[in-house]
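As a starting point, one isolated chain is supplied in structure tokens, in the form predicted alone.
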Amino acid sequence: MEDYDKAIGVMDSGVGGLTVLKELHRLCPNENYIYFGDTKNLPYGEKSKDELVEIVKEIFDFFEKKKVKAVVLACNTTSATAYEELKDKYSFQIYPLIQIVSECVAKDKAIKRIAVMATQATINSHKYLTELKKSNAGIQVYEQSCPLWVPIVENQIKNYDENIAIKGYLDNVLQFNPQKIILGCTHYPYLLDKIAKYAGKDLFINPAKIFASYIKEDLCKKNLQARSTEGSITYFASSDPEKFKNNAKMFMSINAQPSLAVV
């Protein structure tokens, strides 16, 4: 099989990465995608770096067996903690969300003050801070962890105290007076309507669109874009595929039952 005929792997701790997959599929509908939702190990944001490296290694091994041409780390936490450890150990192209999005965002030199709202593991890594400053040394970055947000999305919790779970985090960020706020976890766009009650929607950056556009361009540059006229999406979940399918409706419709992945 030619490299361009191979599938693209997309991974996340759960359904959040579907925000990236949705944009990728919109831009590149003729590609074949294999989505891996690691529901068994979520939330990633509370795990150590060593744990996350081992988890991602197992998923990369899974994708290697599937003979993918590229893997999209549609997860800020693993981009921050596992990418550098594993990037040179596999034959497929790897796209890390934080590194790519930071480079693209920092090109806008008009942005002098930016905030990042993300999981605890991502904030602890200071990866957004490091990567943004690589491309724009003078940029000021404020980092805010939001440990309640992924559980709210994945467990579809409806009854929670917005003053604590939403406004409490956002108040800290707004005191910094940022020009833009990066939603530094792919689950977070689901909460944007709630978040935007306390700040305008145009203040927030959903990295999925920036990330997907970059990947499309890079596949073309590397001559890896699919030649077929029609693509496909196959879904895997590491536990409870039925729950994964139900939660996925928050981001995109899934018709086929996801398969249970054994890694």
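When you see a residue number, it is the position in the sequence shown, counting from 1. Treat the numbers as computed from the prediction; the structure is a model and nothing was measured.
Only in words, not in the display: the form predicted together with ligand DGL, which the text now covers.
The stretch from 61-69, 35-43, 229-237, 208-216 that comes within 4.5 Å of ligand DGL in the predicted bound form, counting heavy atoms only, is 35-43. Contact annotation: K127 falls outside 4.5 Å of ligand DGL in the predicted bound form, judged by heavy atom distances. Taking the partner from elsewhere, T119 is found to have a heavy atom lying within 4.5 Å of ligand DGL in the predicted bound form. At a distance threshold of 4.5 angstroms between non-hydrogen atoms, T81 is out of contact with ligand DGL in the predicted bound form. Using a 4.5 angstroms threshold between heavy atoms, A115 stays clear of ligand DGL in the predicted bound form.
Contact annotation for 143-158: a single residue, V150, has a non-hydrogen atom within 4.5 angstroms of ligand DGL in the predicted bound form.
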